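So this one's two forms of a single chain, laid out as structure tokens and tagged structure 1 and structure 2.
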Structure 1
Amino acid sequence: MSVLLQVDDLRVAFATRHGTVEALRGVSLRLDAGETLGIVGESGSGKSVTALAMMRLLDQAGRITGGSIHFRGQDITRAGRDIMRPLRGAAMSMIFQNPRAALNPIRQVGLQIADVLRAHRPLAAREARDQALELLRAVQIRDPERRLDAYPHELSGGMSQRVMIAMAIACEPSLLIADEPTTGLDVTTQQTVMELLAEITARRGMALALITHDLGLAARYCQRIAVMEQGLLVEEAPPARLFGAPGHAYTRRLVAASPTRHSTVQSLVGAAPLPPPPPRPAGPPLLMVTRLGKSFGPGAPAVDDVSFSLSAGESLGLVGESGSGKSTISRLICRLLDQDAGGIKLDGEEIGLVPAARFHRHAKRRDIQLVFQDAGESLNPRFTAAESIADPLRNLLGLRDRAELRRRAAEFAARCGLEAALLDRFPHQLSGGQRARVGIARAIAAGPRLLVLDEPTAALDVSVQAVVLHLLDQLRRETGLAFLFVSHDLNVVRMMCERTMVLQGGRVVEEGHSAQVFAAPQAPYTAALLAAIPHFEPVA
């Protein structure tokens, strides 16, 4: 096969206010015609910068400081706009992470596809429209004639990504760069989008550079995988070898930290396996939820007749895709939202009758705390870490003494593995993992008995996720906290929870012991969810 793209010792530096930052420090890779290459790594590893450099789309602050990029034998390292413009979209094109943000919100998608076509070929509006329709058929959008005139906000995330793919393949490029094309999509949608992408590239002989943080995804769809860490390409191998016998220490850590169907919370961080927590004495349940219902406006209810119970120290997983009602349930139980129907009993006391607007004064407020999905967004930008952790102590325990508040905040921070030196930093000065620790420290500060975790690791890199999951598991073992663990990641729920409840469209479709649900799912929906998770199987 002929070499399509050749990158040699590529170096990219960004000018920032603190001087120059080297984003790529000598990356070399090769992509043959029709081949699929995976580029994996965590945030900050330089995978997106590599993609943008290949398209020559780096923003003003970024500069190629060394190395070369050859595309179809032509040196494009320093090619000007006149050379790059005919290439972009026609010979090489890109699919972005967030399709909604990448589409123009005030232009019909059919016209946007036609724009790409007409930028490279002399086409009449009518012809361009016909070809756009053809492309929408190719990406298997249902009802393509109608979608042609749809605006991006009328499409779901998966459909928007299909439109992006249609735009990317419109001019039959020989190279397609997909930067996290399915991040943010549900697993089942991810599966259909990826299958579509794989099929289209195979049929049209396009080369695909798939940039992803998901090792399973890369393993399933790529012939070769390159692992990046801090601007360097540390290892490149076919998936079987990479996951079977990872050569580089970083790859080994990354592989270990990625949840698979056999991993445990301990194995993710390389700790010794622990026995499951001892069975607790049977008693009255801590939380009793009966026939909970909630709807937002007309249409299908968000939560429909959901009942479950949770004993002290137990961990229950709530899984489902977007729109399944899992976040709504967590907000209802935390008393941030009022339910339309049903009851919530904590310790035998009916708290579902207390309006959410008045629950902050209730004695049970401190017993239920919430850990948020995006720790960064859940911290007041104007509070330091210490102030955030001390806030519940101040309000719920009535502590006012500054020194005492500070001491307690430091204690909980230490418990969550947050260094004391970081306590005076503001959220934007902390890394994702550190923010997650602040969020957890704040949630446990008031001494709750039930912790509701709403996708606590969804925004984190796998290695950070591994550490945070390990921390949460340890906390539960030590304090006897009960967890209501909401997640879309089935592997994470399997590791963290004794029982699992599967939600679809606001209803419970399956409930049982995690081991059972995952080994032998009863509901077809659960089986479909499980099948859609991309896996990698170590060969060795």
Structure 2
Amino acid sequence: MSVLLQVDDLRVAFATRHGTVEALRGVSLRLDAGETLGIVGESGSGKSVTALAMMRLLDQAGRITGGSIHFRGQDITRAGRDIMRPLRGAAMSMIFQNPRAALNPIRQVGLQIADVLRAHRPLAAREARDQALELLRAVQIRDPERRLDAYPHELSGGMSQRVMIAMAIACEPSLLIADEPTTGLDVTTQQTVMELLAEITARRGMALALITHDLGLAARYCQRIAVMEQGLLVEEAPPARLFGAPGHAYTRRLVAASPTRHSTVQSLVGAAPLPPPPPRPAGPPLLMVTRLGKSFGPGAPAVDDVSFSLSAGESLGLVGESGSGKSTISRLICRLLDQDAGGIKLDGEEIGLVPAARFHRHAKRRDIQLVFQDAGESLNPRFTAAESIADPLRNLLGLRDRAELRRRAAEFAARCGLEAALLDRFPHQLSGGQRARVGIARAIAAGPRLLVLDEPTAALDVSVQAVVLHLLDQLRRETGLAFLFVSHDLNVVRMMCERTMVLQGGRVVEEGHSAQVFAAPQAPYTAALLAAIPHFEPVA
């Protein structure tokens, strides 16, 4: 195979208020024509900086301080705009992590695809529109004629990602860089997107650089995998060798922290098994949901005739594709939405009769708390960590004494493993794992009995995710909290939840003990979800 891209001893630095930060410290890698290379590592390892440097898309604060980048034999390390503009989109292209942020929100997607085509080819508007339609068909988007005139906010996450892929392949580049292209997608949509990328790159002879923190995804789709840590490439090998016998200590830690079909929460962090939770009190369940229904306009309901119960100290996982009703159910139970039908009882009291707009004043408000998917987005940017944790103490328990609020905030922070020195920091000054701990501490501060966890670790690196999951598992066992765990990561649900409920199109298609559901699924839909999980099997 001929070498398409050659990176030698690449060094990149960023100017910050606190001085110069070295983001890449001598990275060397190659990508052959038609090859798929995985680049893995945690946040801050340099994966995305490497991709942006290869595309020459570093922002003004970043600059290449050493090394070289050769594309198709041409040195582009310091190439100007006149050289890079015709290459980008036509010869090399990039799929960004967050398609909704990358797409223009006020321009129809068909016009955005046409913009790419017309930037590199002399096409009339009608020709460009026809080719844009063909590209939407090529990425297998549903009802492409209608989607052509849609705006990004009218598309699901999976559809938005397909539009990004259509734009990236529009001019048939020889190099495609995909930066976390499936983050936030459910397993079946993720599989569909990756199979589509694999099929398109193979059919068109493209090379693909797949940047991901999901080792299972890299194992399934990449011929070689490069592991990055703190701006260095520390190991590179085919998947079987890399996961079968990782040579570098950092690779071994990544492999150990990545959930597999046989992991336990304790094995991910190298901890001893936790003692069994205390016996559950006899009596009626803590939460009883009966024939719950919710629609958002005409058509198929978002939640249709859903019933289940949850005992004190028990953990129940809700799984299913995007649009299956998971998040709607969690918002109904938290009384952030009013249901159209059915009942919700907490401790035998019908809270479903309390309008969502008034539930914040209800005595049961403190008993149900929510841990959000993106802790950074859910924390008040003007509140320090201590103020965020103290907020429910003030609003739900009526505490006003500043010293007592500070003491209680510090207590819950310590319980969640957050250092006291971090309490006076604002969200933007905290790492993803630290923000997640603040979000959990805030949720347990008011002494709830039920925690609704909506994808609480989806945005975290695998090692941070492992620590946060272990913390949550400890909290449930020690305090008797009940968990309603919403996630598209089925391995996480298997480890964290005693029971699993599978949703499809707003209805329950399977429910049972997690071990049984995962080992011998009864519903074809459940079997399809499990089959879509990308995985690797490390050698013990």
Partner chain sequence: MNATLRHAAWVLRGNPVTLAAGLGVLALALVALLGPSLVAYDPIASNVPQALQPPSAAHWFGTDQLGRDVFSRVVVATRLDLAIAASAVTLSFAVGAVGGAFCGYAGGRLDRWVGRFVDVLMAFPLFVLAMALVAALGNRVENIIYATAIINLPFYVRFARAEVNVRRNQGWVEAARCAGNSHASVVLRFLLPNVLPAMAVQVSLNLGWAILNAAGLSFLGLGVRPPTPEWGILVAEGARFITTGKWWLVVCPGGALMFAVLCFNLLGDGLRDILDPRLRT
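Basically, rigid core = biggest C-alpha set you can superpose within 1.5 Å across the two forms. Everything quoted here is computed from the prediction, not taken from an experiment. Each residue is numbered by where it sits in the sequence of structure 1, with counting from 1.
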| item | value |
| --- | --- |
| Chain form predicted in complex with its partner chain: structure number out of two | 1 |
| Rotation (degrees) of the smaller of two rigid parts between the two structures, from C-alpha fits | 10 |
| Inter-form CA displacement between the two structures at L208 - rigid core frame, Å | 2.4 |
